[in-house]
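Below, in structure tokens: the form predicted on its own, a single chain.
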Amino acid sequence: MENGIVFSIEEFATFDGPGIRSTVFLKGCPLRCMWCHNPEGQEFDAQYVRNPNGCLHCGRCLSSGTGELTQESVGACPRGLVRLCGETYTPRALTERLLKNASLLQAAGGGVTFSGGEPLSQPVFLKRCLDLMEGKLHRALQTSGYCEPTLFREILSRLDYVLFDLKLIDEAAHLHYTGVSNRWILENFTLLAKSRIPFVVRVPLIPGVTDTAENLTSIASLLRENGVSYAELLPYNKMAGGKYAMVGRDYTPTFDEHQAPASRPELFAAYGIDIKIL
């Protein structure tokens, strides 16, 4: 569908690409990373969510009899803790909203970044928005790289910058911890590295999962093979599980979330890779 579903727009972001940016978070993701810190971005449809902080447990939000949050729940909650997560936009409506800050973003060396969820999971909407912004705003994509390579080429041709996550190189481990194979991801990374599009690789450091010597060595080797000499490491956010109650889920990672992740800079240095820990 050409219309898209957005679950958040962060204005004046400084972490999602060059300069100051507007970051658009699109709903829906085919991955189920065990450490995901945006569970409200996983489902493709808009959903009602409840902030557990300050909840009276009065049950009024479930008084409709369905046992689920509904539109009635929004007005029924005495503390206003229930809301609809996900707003539908046409490509033109979203573009017009983003262009209102175009002069400010351009002056700050920034632009717009599409994130998620996984923005590649709304390809028609994403392509249309990128086309409408061409020549008007710097366009970036923050992605897991998970989509068919043919689609990735189409999206890549419309971008000015890419933030590309590399999590796990071993396919079995990737499948176990994210729910999907990494074959498309690795193929798309090679496509990106061969393109002329500026990009940065980001590696989430998940204790005992992605931060092992074996995995980080494999990532460093892959980067060198593709002529990449710089990467950014993202230490695990111990607050990652804080949003799960909001969507009615428990956060049950199978790794030790209290263990400090290892950055292992010496492994990257051995492959000529400069790193920055964010």
Partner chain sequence: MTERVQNLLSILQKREYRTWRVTNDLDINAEIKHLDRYHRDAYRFKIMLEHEKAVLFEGERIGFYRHAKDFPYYTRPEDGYISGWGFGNLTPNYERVLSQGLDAVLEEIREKRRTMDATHTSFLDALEMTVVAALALADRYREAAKAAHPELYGALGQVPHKPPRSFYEACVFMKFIIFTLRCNANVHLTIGRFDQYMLPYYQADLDRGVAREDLLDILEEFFVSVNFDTDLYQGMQQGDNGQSVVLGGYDANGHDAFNDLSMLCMEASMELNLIDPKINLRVNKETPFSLYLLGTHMTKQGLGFPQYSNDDVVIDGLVKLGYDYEDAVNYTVAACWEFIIPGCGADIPNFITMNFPKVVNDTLHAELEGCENYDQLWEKVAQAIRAECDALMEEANTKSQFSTCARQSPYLSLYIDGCLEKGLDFSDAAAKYNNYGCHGAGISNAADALAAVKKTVFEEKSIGKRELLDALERNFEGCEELRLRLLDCPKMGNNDDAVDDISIALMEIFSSYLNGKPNDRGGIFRAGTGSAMEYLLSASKVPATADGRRAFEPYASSFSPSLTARVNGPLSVLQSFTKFDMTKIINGGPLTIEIHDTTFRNEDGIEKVARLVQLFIRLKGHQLQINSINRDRLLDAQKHPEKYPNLIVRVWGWSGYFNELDLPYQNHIIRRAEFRA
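Numbering follows the first chain given and starts at 1. Treat the numbers as computed from the prediction; the structure is a model and nothing was measured.
Keep in mind that the form predicted in complex with its partner chain is missing from the display, and what follows is about it.
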{"query": "Complete contact of A46, E118 and P123 with its partner chain in the predicted complex (any heavy atom, 4.5 Å)", "finding": "no"}
{"query": "Its partner chain: the contacting residue among N182, T178, T95, N101 in the predicted complex [heavy atom, 4.5 Å]", "finding": "N101"}
{"query": "Single option in A108, L132, V200, I197 placed near its partner chain in the predicted complex, where near means a heavy atom within 4.5 Å", "finding": "A108"}
{"query": "Its partner chain contact in the predicted complex: F15, any heavy atom under 4.5 Å", "finding": "yes"}
{"query": "In the predicted complex, A173 touching its partner chain (heavy atom, 4.5 Å)", "finding": "no"}
{"query": "Any non-hydrogen atom of I20 within 4.5 angstroms of its partner chain in the predicted complex", "finding": "yes"}
{"query": "Exercise: A260 in contact with its partner chain in the predicted complex, heavy atom 4.5 Å", "finding": "no"}
{"query": "Proximity to its partner chain in the predicted complex (heavy atom, within 4.5 Å), stretch among 134 to 142, 188 to 196, 150 to 158, 69 to 77", "finding": "69 to 77"}
{"query": "Residues from 246 to 278 in contact with its partner chain (non-hydrogen atom within 4.5 Å) in the predicted complex", "finding": "K276, L278"}
